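Below, in structure tokens: the form predicted alone, a single chain.
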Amino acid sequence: MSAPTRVAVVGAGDISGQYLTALTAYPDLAVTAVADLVPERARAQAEAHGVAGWGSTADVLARDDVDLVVNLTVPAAHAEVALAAIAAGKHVWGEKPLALDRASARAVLDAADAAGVVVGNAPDTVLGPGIQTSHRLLAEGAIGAPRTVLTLMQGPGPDVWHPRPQFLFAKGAGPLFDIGPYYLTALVQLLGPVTSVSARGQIPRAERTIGSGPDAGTVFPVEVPTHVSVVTEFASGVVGTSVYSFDSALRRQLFEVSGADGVLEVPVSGFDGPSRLLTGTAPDSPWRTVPAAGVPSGRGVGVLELARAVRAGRPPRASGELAYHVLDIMLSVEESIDLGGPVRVESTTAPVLPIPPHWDPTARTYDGTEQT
């Protein structure tokens, strides 16, 4: 008899609350355990969300009632925990990034292939009705053949508001690794794989000051570029320009795809924002707002889509291979900054089909037909 996919969450930090709230509400999933380096923290989150099991990572991975592990550990531990879960025969959904280097990320994917399990990876904002509506508009030719894309993410930086921001300015973070995956994953899903990048990076301030919380006023070093500019070339011929910055007093987010017959503005904040279309070439052509089509979703929808994909025997849309390609792009950007010239992106990834608007994360499908 069919049954929900049984899920364990590893890592009971702040973001686990968002995941557990969503995962425990999806009929196709059953959360059976929570793990953490501090078992009592796992117990507190488990009890808060009505989950019966809790314990150390090793305890939870040894359980027979876990099919899929949600890896919410710190980035430096992503590969290690994923490999342990795979060795235990579990599918894995990981938070971004897949790993911090190509060798570790490839080891995770190769181990999953050998074990016959599947890896998916955040961000899952790309699976929300907002970006999926833009994806369908592009696929339907709403702006003709895409030619260029412009993305901007700029603001003063998380040191202004975060009580413990040091890790966001350390190796493996900064605006490129912290925010970049949201934009790059959407870029690749909508426009296909990237073939090369040319980038420049700056560290305008070598030190930052914590702006809030008990450590307010504490000065800490900046280890990575906090302003990154990138020119991206896609296999399709599309050329992109992107800025990722923690050095602007102006807060701005933008994602615009220009095509032969118009411009598409893709929503970048959250899961359910509207798209905007500008069709025609006349200077006074009006923008048209296109509401997000589909059932609203949120954090954790990627876990659900992965579980349904495994059940249906197809690759997940937010796949490990897609996450590897995004990681490869980000590492290539770092290398381009260091070299002062273009860097070829050696990896690629398969095209990703849009999610149909009738796809419903709140439906029970494990005992019926999967909503492709």
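Here the structure is a predicted model, which means the values were calculated and not measured. Residues carry their position along the shown sequence, with the first being 1.
Keep in mind that the form predicted together with a small molecule is not shown, yet the notes after this line are about it.
- Wondering, does W287 line up within 4.5 Å of the small molecule in the predicted complex on heavy atoms? No, no contact at 4.5 Å.
- Message: Taking the small molecule as it sits in the predicted complex, is F255 in contact with it (heavy atom to heavy atom, 4.5 Å or less)?
- Response: Contact with the small molecule, no.
- Message: Under a 4.5 Å heavy atom criterion, is T73 part of the interface with the small molecule in the predicted complex?
- Response: Taking the distances in the predicted complex, the answer for T73 is yes, it comes within 4.5 Å of the small molecule.
- Task: May I ask you to state whether F169 is within 4.5 Å of the small molecule in the predicted complex, using heavy atom distances?
- Result: Looking in the predicted complex, residue contacts with the small molecule do not include F169, since no heavy atom lies within 4.5 Å.
- Message: Can you tell me which of 288 to 296, 154 to 162, 225 to 233, 244 to 252 lies within 4.5 Å of the small molecule in the predicted complex, counting heavy atoms only?
- Response: That would be 154 to 162.
- Have a look at V263, A77, A115, L109 for me and say which one sits with a heavy atom within 4.5 Å of the small molecule in the predicted complex. Looking at V263, A77, A115, L109 one by one, just A77 meets the 4.5 Å heavy-atom criterion.
- Which of these residues, R208, K90, K96, H135, gets a heavy atom within 4.5 Å of the small molecule in the predicted complex? None of the other options qualify; the answer is K96.
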